[in-house]
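Okay, so here's just one chain, in structure tokens, the form predicted alone.
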Amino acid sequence: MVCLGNICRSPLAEGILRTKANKLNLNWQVDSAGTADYHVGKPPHILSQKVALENGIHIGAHKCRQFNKNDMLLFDKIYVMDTNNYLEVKEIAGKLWNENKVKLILSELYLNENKNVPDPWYGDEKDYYAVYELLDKACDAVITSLNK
């Protein structure tokens, strides 16, 4: 799961998908990162933590990290939150880029629409709840897609 700072959207997506995969006894490694280094080593945004916790998911122990090109080798699938993240992952990956591995997460819900997960950083608390709901549905679709 990749977003800009690894502080709002991608830690939520990581927590949601990990929880769902664990409940289904799927042996998946789920991780998240940001394309920028603004928040490396810090916990997720307090509102991301709050919304997750209200849904039974603890993400407070997560430490933000920056996406690196070797992630292209480590992970089978890389979900990005928006088209800018997609382009930034492509640039960071360089020669390791594999377009078959990288996909907008909402493409699992809205085929061929290239929809972005809005960044709640620029909004208020209600935006974090809205993003959680979007990611919750998208993670259900990810499980359906990858667990065939």
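Don't overthink the numbering: it's just position in the shown sequence, from 1. These numbers were taken from a predicted model, which means no experiment stands behind them.
Omitted here: the form predicted in complex with 4-nitrophenyl phosphate. The next part is about that form.
Stretch 112 to 120 is the answer when you ask which of 49 to 57, 24 to 32, 112 to 120, 87 to 95 has residues with heavy atoms within 4.5 Å of 4-nitrophenyl phosphate in the model of the complex. Contact between H62 and 4-nitrophenyl phosphate in the model of the complex is not found at the 4.5 Å heavy atom cutoff. Contact between M1 and 4-nitrophenyl phosphate in the model of the complex is not found at the 4.5 Å heavy atom cutoff. Using a 4.5 Å cutoff between non-hydrogen atoms, I7 counts as a contact of 4-nitrophenyl phosphate in the model of the complex. Taking non-hydrogen atoms only, H39 approaches 4-nitrophenyl phosphate to within 4.5 angstroms in the model of the complex.
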